[in-house]
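As a starting point, one isolated chain is supplied in structure tokens, in the form predicted on its own.
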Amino acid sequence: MKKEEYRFSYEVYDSVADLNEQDAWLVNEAREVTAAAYAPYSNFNVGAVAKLANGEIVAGTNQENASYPVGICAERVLLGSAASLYPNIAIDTIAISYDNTAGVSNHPISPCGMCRQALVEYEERVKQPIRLILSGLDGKVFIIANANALLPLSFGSVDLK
């Protein structure tokens, strides 16, 4: 038997004030766009804002539905919008934030499993890693250099060949 180990590292900042100007701007935009989320059931508004390789900015918010499986996360709304508006353009960085209107929003959250899969597929498609900046409305900020780090041993297009 051979034992393997998976590790990844990420950067931790005490607050958005410790980020460079461009990253801080993206985080603040993600925080602001949470107000456009439609989350009447969970009261958990998520906003995602991306800077594309061509310099364009695209945003997405979670959109819930009374038929729960029909809802869609902010990250996948953003990926769909980016792919539709700017086909085959890589995403450099995505900032993701949230407003838990029924609780606290003071620490970073991470994309759900379905969104992790979608992020990895997007990276594969455009052949460039997506840098993630994760935050709440305040508090610590995490920066992950590559979305693929969040989904080790992922299933992808190569598995279908």
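Sequential numbering from 1, following the sequence displayed. Small disclaimer: the values here were computed from a predicted structure and weren't measured.
The same protein also has a form predicted in complex with tetrahydrodeoxyuridine, omitted here; what follows describes it.
Trainee: Just give me the single entry in V126, I109, L52, A36 that has a non-hydrogen atom within 4.5 angstroms of tetrahydrodeoxyuridine in the predicted bound form.
Mentor: By the 4.5 Å criterion, the partner-contacting residue is I109.
Trainee: Looking at D92, E121, E64, E29, which is the one with a non-hydrogen atom within 4.5 Å of tetrahydrodeoxyuridine in the predicted bound form?
Mentor: Selected option: E64.
Trainee: Give a yes/no on whether L132 approaches tetrahydrodeoxyuridine to within 4.5 Å in the predicted bound form, heavy atoms considered.
Mentor: Because no heavy atom of L132 falls inside 4.5 Å of tetrahydrodeoxyuridine in the predicted bound form, the answer is no.
Trainee: Do C73 and tetrahydrodeoxyuridine come within 4.5 Å of each other in the predicted bound form, heavy atoms counted?
Mentor: Within the cut-off, so yes.
Trainee: Any chance Q117 has a heavy atom within 4.5 Å of tetrahydrodeoxyuridine in the predicted bound form?
Mentor: No, Q117 is distant from the partner.
Trainee: Just to confirm, S105 within 4.5 Å of tetrahydrodeoxyuridine in the predicted bound form by heavy atoms?
Mentor: No - in the predicted bound form, heavy atoms of S105 and tetrahydrodeoxyuridine never come within 4.5 Å of each other.
Trainee: For a quick check, can you give me the residues of 36-66 that have a heavy atom within 4.5 Å of tetrahydrodeoxyuridine in the predicted bound form?
Mentor: Counting only heavy atoms within 4.5 Å of tetrahydrodeoxyuridine in the predicted bound form, the contacting residues of 36-66 are S42, F44, V46, N62, E64.
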